[in-house]
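Heads up, what comes next is one protein chain in two forms, each shown on its own as structure tokens, labelled structure 1 and structure 2.
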Structure 1
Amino acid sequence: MTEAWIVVHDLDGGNALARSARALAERVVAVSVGAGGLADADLTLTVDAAPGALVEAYAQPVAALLAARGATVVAFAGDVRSRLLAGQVAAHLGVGPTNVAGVVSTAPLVVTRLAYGGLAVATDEITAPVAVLVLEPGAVTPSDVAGQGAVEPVDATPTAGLTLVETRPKGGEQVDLTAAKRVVGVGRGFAAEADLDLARAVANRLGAELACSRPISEGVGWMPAERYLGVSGATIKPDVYLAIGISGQIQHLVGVNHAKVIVAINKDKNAPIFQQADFGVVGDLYQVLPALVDAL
């Protein structure tokens, strides 16, 4: 029977990954760092994480465990902690991880990943003795086959070094932009945070969710990270995407080019976004948006 391994650090994300990993093999075995057994895996090796330890401190013992058990396919989720774990575990195993956008076949293992900011898709045949995969959202269709849920505790000693001083939880809304039928995206064309109200007014009229380009989120922090679109952010498939003050770099477009219709407002008539738009307005958003709210 073919076997896929997963390495997880939280229960919900872990079970979701277990269901996804069934696309890779018949049997799913998990290594769970501090998150206990997974109902959706067939077997979970549970590592009791020391209180206050970072899950990443277990990369080396987890790699040793995977090697000892002969794992040949190891999948990780795409969150920040899992990514670091993936890279470190892979390095200890002497291989490079692959960010998987899609799975073409499992024997041989052939996967796709984005390249050049999403300008191209690379199809990779994994040739390393151990395939370490980071499954990006939507890479595979999760299975609804139930796992056997067996649990086996294992011992592991964390690597010393990092000291967690405190964790400041981020109160955040849960957003699922992937389900939105209409999305309004804002970019650096907005000069101040308060001006986003202009876009909010349009979004309200259209019944649309508000999203943004990456610099609006990670650069100036006007919107939470869940709301930025693109190669490293969310990918959406709405009926309409309205890009306001967004230049249309490939890294952004890749997150929105599955929209049925793309509409753009930009004051620069040479902005690349117009090449990808069904309908474009060349104009200053500070003049166009109030007029648009009136017209809708």
Structure 2
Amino acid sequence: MTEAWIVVHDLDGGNALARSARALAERVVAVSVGAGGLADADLTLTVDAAPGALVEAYAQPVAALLAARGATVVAFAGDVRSRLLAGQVAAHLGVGPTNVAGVVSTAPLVVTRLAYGGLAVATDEITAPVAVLVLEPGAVTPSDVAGQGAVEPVDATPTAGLTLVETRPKGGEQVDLTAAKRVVGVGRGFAAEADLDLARAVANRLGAELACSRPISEGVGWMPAERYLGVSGATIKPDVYLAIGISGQIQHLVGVNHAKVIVAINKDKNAPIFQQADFGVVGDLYQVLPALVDAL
């Protein structure tokens, strides 16, 4: 039976990673630092985090544990803390981490990753003795196979260094675009922030999440960064992606081109988005959207 390992520090995120890791192997074993047992893993090795110790302080003992147990495929989530931990664990194992945009095959292990700032996709066969993978959002389709949920406590001593003295809730909006089955994206085709209500009405009728291109978030600040799609934002794989007033530059398409169906609405018939879209409407969004709401 093939086996994949995951290293987690958050219960909800850990269970999500366990479901994703089943795309890599039949059995999923987790190392959980301060997060407890995972219902969606077959076995969780639980490490009780010491008060004030950072997750990264466990990189060396976690790497030693992985080596002792013979782990050959180790996956991490794509959040900031997991990426930091992945890099440190990989260094202790004497290998480099790989950011994974997709999995081509597991035997041999062949993955895709974004290259040149998202302008290209590279395909790599991983031949290192231990494959340390950082799974980008939407890189694999989560499994619905239930884990065995077994738990085994293990001892680990954190490396001395920085000490956590305070935690604060993260500001901004909490949204998981990668889990959405339908997504409506808005771009600079909208003349005013208030006009986004037209897109919200469409999203409500479709039961979709509202997202945006980078200029809407970082340029004019009409929407939070959590809803930005693109090479440095979220990557999605919905059943339907509706792009409204988005030209479709490559930096944006990197985040949405895995959608099963892409529908574009743009008044510029030469907009790049139409080259990627399955269906396109050339027209003024201020006329198309009200008609679309009525039709839905």
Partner chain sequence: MRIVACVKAAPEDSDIAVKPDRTLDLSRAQWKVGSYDLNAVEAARQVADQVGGEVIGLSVGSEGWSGSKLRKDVLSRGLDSLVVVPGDPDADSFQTASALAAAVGELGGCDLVLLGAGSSDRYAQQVGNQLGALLGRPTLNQVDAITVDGDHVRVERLLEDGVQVVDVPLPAVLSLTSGINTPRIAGMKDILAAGKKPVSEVAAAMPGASARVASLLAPEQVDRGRVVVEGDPAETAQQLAQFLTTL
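Fair warning: this is a prediction, and the values are worked out from it, not measured in the lab. Take the two forms, find the largest set of C-alpha atoms that superpose within 1.5 Å, and that set is the rigid core. Just so we're on the same page, residue numbers count up from 1 along structure 1's sequence.
Would you check which of the pair is the form predicted on its own?
That would be structure 2.
Could you check whether the CA atom of L162 moves 2 Å or more between the two structures, using the rigid core for the fit?
The answer is no; the displacement is under 2 Å.
Would the C-alpha of G13 be classed as shifted by 2 Å or more between the two structures after rigid-core alignment?
Not so; G13 is displaced by less than 2 Å.
With both forms fitted on the core, give yes or no for whether the Cα of M223 moves by 2 angstroms or more between the two structures.
The answer is yes; the displacement is at least 2 Å.
Rigid core superposed: how many angstrom does the CA of G255 shift between the two structures?
Displacement of the C-alpha, rigid core superposed: 2.9 Å.
What does the CA of A264 shift by between the two structures after fitting on the core? Give it in Å to one decimal.
For A264, the alpha-carbon shift amounts to 12.1 Å.
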